[in-house]
Each structure stands twice: as structure tokens, then as C-alpha cells.
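Here you get one chain, nothing else, as C-alpha cells; it is the form predicted alone.
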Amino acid sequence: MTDMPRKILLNPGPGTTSQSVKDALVVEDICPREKEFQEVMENLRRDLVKVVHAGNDYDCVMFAGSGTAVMDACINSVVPPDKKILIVNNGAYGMRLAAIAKAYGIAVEEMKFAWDSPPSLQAIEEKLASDADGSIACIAMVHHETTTGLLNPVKETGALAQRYGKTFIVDGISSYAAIPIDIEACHIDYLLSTSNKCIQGMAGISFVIAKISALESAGKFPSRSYYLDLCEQYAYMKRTGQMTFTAPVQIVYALQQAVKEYFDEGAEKRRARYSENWDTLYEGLAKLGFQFLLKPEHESKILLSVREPTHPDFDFNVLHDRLYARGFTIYPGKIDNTKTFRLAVIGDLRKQDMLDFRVALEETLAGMGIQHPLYI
């Protein structure tokens, strides 16, 4: 296959992919019900479980869809009737978890925290301790809040969930395969992610790494969804090795290649590569005079949330379009009361890509007539 022009995607997914992942999309046509494809799916599910060091008491349930599909599938499937879910909300994706629950009429205890700092573990424990009647069945949290680049305390919250007997749901959509995580040590019952972020595959598949005992218990609850029924999908995959509905065949083969490349690189080296990318990016933007949303100790080193300059000639759309013409994609912020833009360092990116972006950014700002100071 002819190499495609390489684009540097600094948006938080889908990310830049390797040429070999792109090549893996081109396969012989095959019906997804064939045994050959079933074996690909089964091997892939086992490998996705291994990424988070899960044992035989965990399984992987896959859906065709974006990360929001498994957010929906998990929330609508695992909260018992007449029980509540406690959602820790300190960003747009915590808000999305709550919105999904409310869309199904599920009772929500929403704990809202500032978007620029981790939630209070003391406040979470006090909420759980006050649940005298046991009405809260589940607690959900975003691991890496892609709104800001904030990393939330999943391990500590998982310990609280275990202590108080709550099912723990973690949105790991933009942290899976970027930040080494031991799903059992963190007491996670359901970990959600997708094919197109830090595992470095193509968009189109989302999945849940789930504790089998939790799935089997939730399977007794009345279904709230036809297509996005997590427990029914699990039962069907366990019985047949297939998705209930049509699988995105080519995306599966691309993900298989991406997972192979993840294990070839290794968890620690991937984390180190992303961290080096982030450090290089941060250093360059700081030298140009940019300001950042988060304190350094709260940064995930996966994504950088940058305050928009207040210089009168700054226009994010102009900056985006000029950088895009040079092969770099940047992404707007999602914070209502603070103007930011976001730069992710995930995907098949290296330090040199960050250095090239720094040059392009400096030259683009100069071409827009923007010089120091950026904030007036």
C-alpha cells in the first residue's frame, strides 16, 4: 500500500496512526460470522484485557461505535432498577456520564468539582459513608478528563468503592494504553475505552473491560437498551465469539495491528514517549509565552490545555486553519467560562513532531502579527 501523507494530529483522538495500522485496513473481504474472523475477535479481546493486567475473572465486551457508545452501554446496563449512580464530575466527560444516566431516567447523585483540580477524596468518602440505605449502587469517574488534561485519582477512589461495596465504573477512554493501570489493584469493575486514542487504532470500535461476576449480576437487571445492552452483548460474545450486530471488520484488523504495536513498544516505553512529547510541547509553548490551565502537578502528560492569548490579533480559527495547512491539527477547548485550546500528544507521534510543531506555531503566530506579550 502506498504511504499516505503524514498528518500530525494534536487533537485528543482520533490520533495519528502508523503506516502499518493503515495498511492493516486493506484485507480480503470476509463475513464477520466466519470462524476465521471469530478467532481474530477472540484473540483481540484477550489482548485488550492484558493491557490492564486483568486476570481470568475479567472479559472484554466490544461494540461498533465511538467511546460514547460504551459510556452509554455501561451506564444503562449496570445500574440496578431503583438504585442510584454517584458520578464524579469535574469536566465535560463527567458531565456526559451524568447526562447519559439522566437520559435513561436513572437516579443520579452528581458530585461537581472544579474543572482545574482533582476531586476531593474526603468529600467522596463522606458521600459514600452517608449512604445509610444503600441507595447508591455504583460510582463512576473519568480517569483522564480530556476537557483539561487532568488526571483523576482512580486508585484511591477504587479503594473507597470497595470499602463501601459500590460497583466502580471508570471512563478510561483517553488513558487506556497511555497510563499503565492495574485494573484489579484499582478495584475497577468496568473500564471503558476505544480503538482510536492511545491504543493507536482507527475510530469505530469501543470496548469495556469488565469483571465477569459484575457482568453476570447486571445481566439479571431489566434491559434499558436494544443495541447498547452490555450484558446481552457479553452473553452473545461468550456464546458465539461474535458481536450481536455487524462488526466493523476492517477496523478490527487495524486494531489487531495496533495492539501488536502496543505490546512491541511496551507500556512503560509508550508512557515515556508520550511524556517526552508533552515535556517538549510544554517547554516550547512556555518559551513562546503561553499560559496553561492546570498546575503542573495535576497534568496527565497526555494533553495540554492552553489558555487562549488575549492579544487583539489572536483568533483561534485562523491559527487552526494556518496550522492545518501545514499538516498540524489543533483542537478547541470545551470550558464555557475560560477560553482554551487543547494539544494532545497521543498517537504515533515522536519528539521531533513536537519540535516541528513548535517551529510551525512560532512562525504562524508571527504571520498573524502576534508578538510578546500574548496576554494583554
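Not measured: the values here are computed from a predicted model. When you see a residue number, it is the position in the sequence shown, counting from 1.
The same protein also exists as the form predicted together with a small molecule; that form is not shown, yet it is the one meant from here on.
In the predicted complex, Tyr93 approaches the small molecule with a heavy atom inside 4.5 Å. The shortest heavy atom separation between Ser174 and the small molecule in the predicted complex is within 4.5 Å. Under a 4.5 angstroms non-hydrogen atom cutoff, the small molecule in the predicted complex has Thr146 among its neighbouring residues. Contact annotation: Ala140 falls outside 4.5 Å of the small molecule in the predicted complex, judged by heavy atom distances. Stretch 166-174 is the answer when you ask which of 166-174, 124-132, 280-288, 180-188 has residues with heavy atoms within 4.5 Å of the small molecule in the predicted complex.
Only one of Ile199, Leu86, Met71, Ile209 comes within 4.5 Å of the small molecule in the predicted complex through a heavy atom, and that residue is Met71.
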